[in-house]
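Shown here is one chain on its own, the form predicted alone, set out as structure tokens.
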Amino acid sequence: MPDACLRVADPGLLATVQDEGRPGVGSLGIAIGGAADLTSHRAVNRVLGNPSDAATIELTLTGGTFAFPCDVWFALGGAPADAWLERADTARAEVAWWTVTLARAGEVLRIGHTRAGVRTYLGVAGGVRTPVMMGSRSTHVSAEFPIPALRAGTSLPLDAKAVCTAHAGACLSESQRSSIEQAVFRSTLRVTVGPHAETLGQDGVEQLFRTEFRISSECNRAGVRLHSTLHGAEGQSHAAHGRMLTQPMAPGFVQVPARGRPIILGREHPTTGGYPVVASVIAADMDGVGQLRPGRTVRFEKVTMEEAQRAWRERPLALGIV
């Protein structure tokens, strides 16, 4: 039974417990969820010697502060930020990224604002041991299950008997780090043409692939809204007049609402929707969606289904790079 804990002193903008999600429950109106950047989540677990599906803490943009009541092995990964351990004697020790670190009882971990990307992952030996619901510990933010987003004062159960299988200072290689960065910090997202692309008309489709979109601050785990309107899209009036029947949705779908500003659906997306789906981000680039930073820009690159399948086979996880 879990008999140790990690205490949340400051959750930052948003901190949640995440694992690989709960596939197969879309018919119940529940999205797959899970870590927005699965590559980084799994890489943090790998460096600790955890199973890939061990639960980590996903932090958003502004980092957070965590206190260790007992000795805990941990590692950080994902969007880079400054991080350090504070000891009782007020001494500070910088924490390296993608590296196994031992926090002693009474120490405090502080993680700063991300320098690139959006989401940072804090993993601990054995994983966070919060309740399992529908086969997953992942927090569904809007529904607040199995537990809500983390708040100051929350104590997260850990397994005191968990042993870190890697030695202190073990870390990912430079080539592994480079592969992760190339996979998840992207300015171009590869997409296949969606089932309703014709609603844009030929000019609208061409505009979709030549436009540089700015990432809006209106983004969360459910989706990312983009600035720059697709002008003259038939899909705008089509959706505005409600003539499109509600249909099942999936992560990566690119919807065009009435105002013409595209939305990329994230891992915690609504499971149904009535806006035209004009494109779909390929599975290999979904971690890149999870790291899209507000204010930056992104483009869409059209690929074939065969190219999408090849990209999936060649992603870092499939090749065993991380």
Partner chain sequence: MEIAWSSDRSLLVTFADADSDGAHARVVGADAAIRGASLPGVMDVVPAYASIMVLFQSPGVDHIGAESAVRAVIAAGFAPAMQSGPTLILPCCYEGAFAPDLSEVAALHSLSPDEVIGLHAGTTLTVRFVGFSPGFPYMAGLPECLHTPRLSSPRTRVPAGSVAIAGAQAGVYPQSTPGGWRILGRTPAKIFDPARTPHTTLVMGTHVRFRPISAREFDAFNPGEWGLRA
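Since we're looking at a predicted model, the values are computed, not measured. Numbering follows the first chain given and starts at 1.
One more form of this protein exists, namely the form predicted in complex with its partner chain; it is left out here, but the text below deals with it.
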> Among the candidate residues Val281, Ile57, Val47, Leu292, which is the single one with a non-hydrogen atom no more than 4.5 Å from its partner chain in the model of the complex?
Replying inline: Val281
>> Please identify the residue among Ser228, Thr246, Ser187, Ser173 with any heavy atom within 4.5 Å of its partner chain in the model of the complex.
In response: Thr246
>> in the model of the complex, is there a heavy atom of its partner chain that lies within 4.5 Å of any heavy atom of Gly26, even though the partner is absent here?
In response: yes
> Any of the heavy atoms of Arg119 lying within 4.5 Å of its partner chain in the model of the complex?
Replying inline: no
> Even though its partner chain is not shown here, does Ser142 get within 4.5 Å of it in the model of the complex, heavy atoms only?
Replying inline: yes
> For Phe66, is any heavy atom within 4.5 Å of its partner chain in the model of the complex, or not?
Replying inline: no
> Thinking of its partner chain in the model of the complex, which stretch from 47-55, 66-74, 292-300, 263-271 has heavy atoms inside 4.5 Å of it?
Replying inline: 263-271
> Within 4.5 Å of its partner chain in the model of the complex: all of Met134, Phe253 and Met305, by heavy atom?
Replying inline: yes
>> Heavy atom within 4.5 Å of its partner chain in the model of the complex: which residues of 29-51 meet that condition, in order?
In response: Gly29, Ile30, Ile32
